[in-house]
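In structure tokens, the next block holds one chain alone, the form predicted on its own.
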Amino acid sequence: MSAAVRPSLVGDTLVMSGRALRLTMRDPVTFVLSLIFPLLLMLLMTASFAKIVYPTGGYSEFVDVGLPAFILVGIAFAAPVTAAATASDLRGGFDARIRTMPVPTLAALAGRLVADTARSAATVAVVVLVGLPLGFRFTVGPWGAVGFVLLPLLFGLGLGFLALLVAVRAPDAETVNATLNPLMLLGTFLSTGLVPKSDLPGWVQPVAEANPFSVVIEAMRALAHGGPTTRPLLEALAWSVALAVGCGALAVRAYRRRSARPAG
């Protein structure tokens, strides 16, 4: 008699993350949104608006200030695509097939998150590498640079849980995109990422200041270039953990309810 196959959360999560990464590499939309779009946005906005936003400074000053926002743009705008793919798996039969196998219930969701974090790391690396010849510099030290790299990954994990929550509860992939794309658009552009708060209209300033994207961007700037760091970093960590824990708990609960239903 053959030994029974025991489910392994870690092993099966890695298998699912490998599948998600392969699908991501084959999907030109995700590749463009996570890597090409933030680079194009950085190059075009630096060439067009650097002298307008910072008339007494150079292009490097605009890149120093704006690069954290370009990183979050790549991470945020790829999230709806991943969520739509998750929704398609849930409603296209893949999830039902997985539930008939000795696979842990949460391996599929965990695999998506691992793949999303790897994609986010690629976004951070590519944007920083392109930003260096444009004038971006880390001026605080190696630990600041490490925090600069890790913080958007943690915030991206929170966004990933939010995307999974929408994917599990939405009726179809179109609803996922219709829900998440406006949120990501408002989050990235209604912030202090590309324009100083003082240059925003008065009614927008408190909204931009409370925006979690602004909070993370300000913390990344402090980690890269110095200044008050403790408060913005703690606020950014609080937002990231709140998104991950809150949306994660709701997403797992909703997914387990789906998994408890008969397959088919």
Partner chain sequence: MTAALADAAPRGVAASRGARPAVAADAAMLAGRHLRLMSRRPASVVSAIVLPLIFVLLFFTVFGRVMDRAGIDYIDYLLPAAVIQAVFFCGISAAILAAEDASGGMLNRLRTMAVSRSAPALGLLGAELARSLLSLGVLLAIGTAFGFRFHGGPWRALGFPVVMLAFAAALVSCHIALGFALRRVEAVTVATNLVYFPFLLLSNAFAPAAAFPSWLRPVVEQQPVSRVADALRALTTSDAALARPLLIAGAWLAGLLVLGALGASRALGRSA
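Please read these numbers as outputs of a predicted model, since none were measured by experiment. Positions refer to the first chain, counted from 1.
Not pictured, yet referred to below: the form predicted together with its partner chain.
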{"query": "Contact label in the model of the complex: residue 52 to its partner chain, heavy atom within 4.5 Å", "finding": "yes"}
{"query": "Partner contact for residue 45 in the model of the complex: its partner chain, 4.5 angstroms, heavy atom", "finding": "yes"}
{"query": "Partner proximity in the model of the complex: residue 228 to its partner chain, non-hydrogen atom cutoff 4.5 Å", "finding": "no"}
{"query": "Close approach of residue 33 to its partner chain in the model of the complex, 4.5 Å, heavy atom", "finding": "yes"}
{"query": "Contact test, all of 135, 207 and 222, partner its partner chain in the model of the complex, heavy atom 4.5 Å", "finding": "no"}
{"query": "Contact segment among 157-165, 173-181, 124-132, 144-152, judged by heavy atoms lying within 4.5 Å of its partner chain in the model of the complex", "finding": "173-181"}
{"query": "Residues in 23-43 close to its partner chain in the model of the complex, defined by a heavy atom within 4.5 Å, in order", "finding": "29, 33, 37, 40, 41"}
